[in-house]
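First comes one chain, alone, set out as structure tokens in the form predicted on its own.
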């Protein structure tokens, strides 16, 4: 068997020196190994044959989608890997309205799924910051995003998935049944496994009815501490926010410069952006009013965003934080998560470490579920100093995350970037169980070797 007999279109196969540059570099990993070939399948059958070819040639395999991952999970590190890029498997196959299920291929972008669903009166809640990320990648990392505080993560919306295993066999995991207590839950085992157990080729997603109404409000606070206190107050009120995002003044300034837009409030040093949705508009208005009343003495500004244009502008500023940062400095973004009652303490500690290590740090994140995006900024540091300070900072930060009962990744995955910390922070028996599962499903360690565990 030859690669050219599996992928016959020249524009879907790149071997050796033909491999495009985008597969040879990564924003977060400097040491990218040589790639054997890149294949772009358009069917499950081609993926299965490519895996069989890799077995025949004793090649490692990396599954890849849109390449938006930030943990180094899609990067060749062993050398001579076969990259199976599924982004051309990008069809929305069927909307089953009787079971409220959308059937898609792994290369479909998250934003396209949301738009398709909403155009037909349905709602797909998972909302990662990158709307260009593929659903296959979302499944691989169990992506969360802004609406996880109310609606949960990708895992909660995968009913069934088709997977190509390490030997090239194809299996369907999960079912359209709402309840299932029949054997091990293999579907959930594969979700979040970062391509180390199999390659997803088809996904059946749960849809919800589209909420009829939503409203957002922007709140400004004098300090970061005031903002984190406000988050806990909102969660205790029972208003059930759809999204509850926190960001610093210094953070949003990058988006303002990049987009040439100004946030509606310029007061204070920290902001909370809240959205509430539902089918009773009066109830939503009442919940917004309750939040305003409870925080009237703590917030410098509380600005309801009454129309779609203002809401879109504010959320665009939030969504473009990382894109904006890329224009100004090299950085490393984290996605640590702690129990919600430890959120304020963790945020405060990141600032203590900023002083200790003399390394510029900004924060934003999904405040409603304890997921913090701490961003370490290189600025004008030379490479040696940057690496030294970054490691010292991360050593201290992850030690605190562990102390508070948190985890190193909430939604981006472990990949290669966080592997050493994940290993150090995990129970050794738990790690050994993971390794046994990996060996049972991938005895030759062919799928994304060196990542996660």
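Residue numbers count along the first chain shown, from 1. Everything numeric here is computed off the predicted structure, so don't read it as measured data.
From this point on, the text means the form predicted in complex with a further copy of the same chain, which you will not see here.
Trainee: Counting only non-hydrogen atoms and a 4.5 Å threshold, tell me whether 186, 190 and 193 all contact a further copy of the same chain in the model of the complex.
Mentor: Every listed residue reaches a further copy of the same chain in the model of the complex, so yes.
Trainee: Within 4.5 Å, heavy atoms only, which of 226, 81, 248, 369 is in contact with a further copy of the same chain in the model of the complex?
Mentor: None of the others qualify; the residue that does is 369.
Trainee: Among 46, 66, 411, 26, which has at least one heavy atom within 4.5 Å of a further copy of the same chain in the model of the complex?
Mentor: None of the others qualify; the residue that does is 411.
Trainee: Taking heavy atoms and a 4.5 Å cut-off, does residue 9 contact a further copy of the same chain in the model of the complex?
Mentor: The answer is no: residue 9 has no heavy atom within 4.5 Å of a further copy of the same chain.
Trainee: Considering non-hydrogen atoms and a 4.5 Å limit, does a further copy of the same chain approach residue 269 in the model of the complex?
Mentor: Although a further copy of the same chain is absent here, residue 269 would stay clear of it in the model of the complex, with no heavy atoms inside 4.5 Å.
Trainee: Since only the chain is shown here, I'm wondering whether residue 22 would be in contact with a further copy of the same chain in the model of the complex (any heavy atom pair within 4.5 Å).
Mentor: No - in the model of the complex, heavy atoms of residue 22 and a further copy of the same chain never come within 4.5 Å of each other.
Trainee: Given that a further copy of the same chain is not shown alongside this chain, does residue 434 nevertheless sit within 4.5 Å of it in the model of the complex, heavy atom to heavy atom?
Mentor: Answer yes; at least one heavy atom of residue 434 falls within 4.5 Å of a further copy of the same chain in the model of the complex.
Trainee: Considering a further copy of the same chain in the model of the complex, find the one stretch among 385-393, 420-428, 32-40, 51-59 with heavy atoms no farther than 4.5 Å from it.
Mentor: Only one stretch passes the 4.5 Å heavy-atom test: 420-428.
Trainee: Which residues in 173-187 have a heavy atom within 4.5 Å of a further copy of the same chain in the model of the complex?
Mentor: 173, 175, 176, 177, 178, 179, 180, 181, 182, 183, 184, 185, 186 sit within 4.5 Å of the partner.
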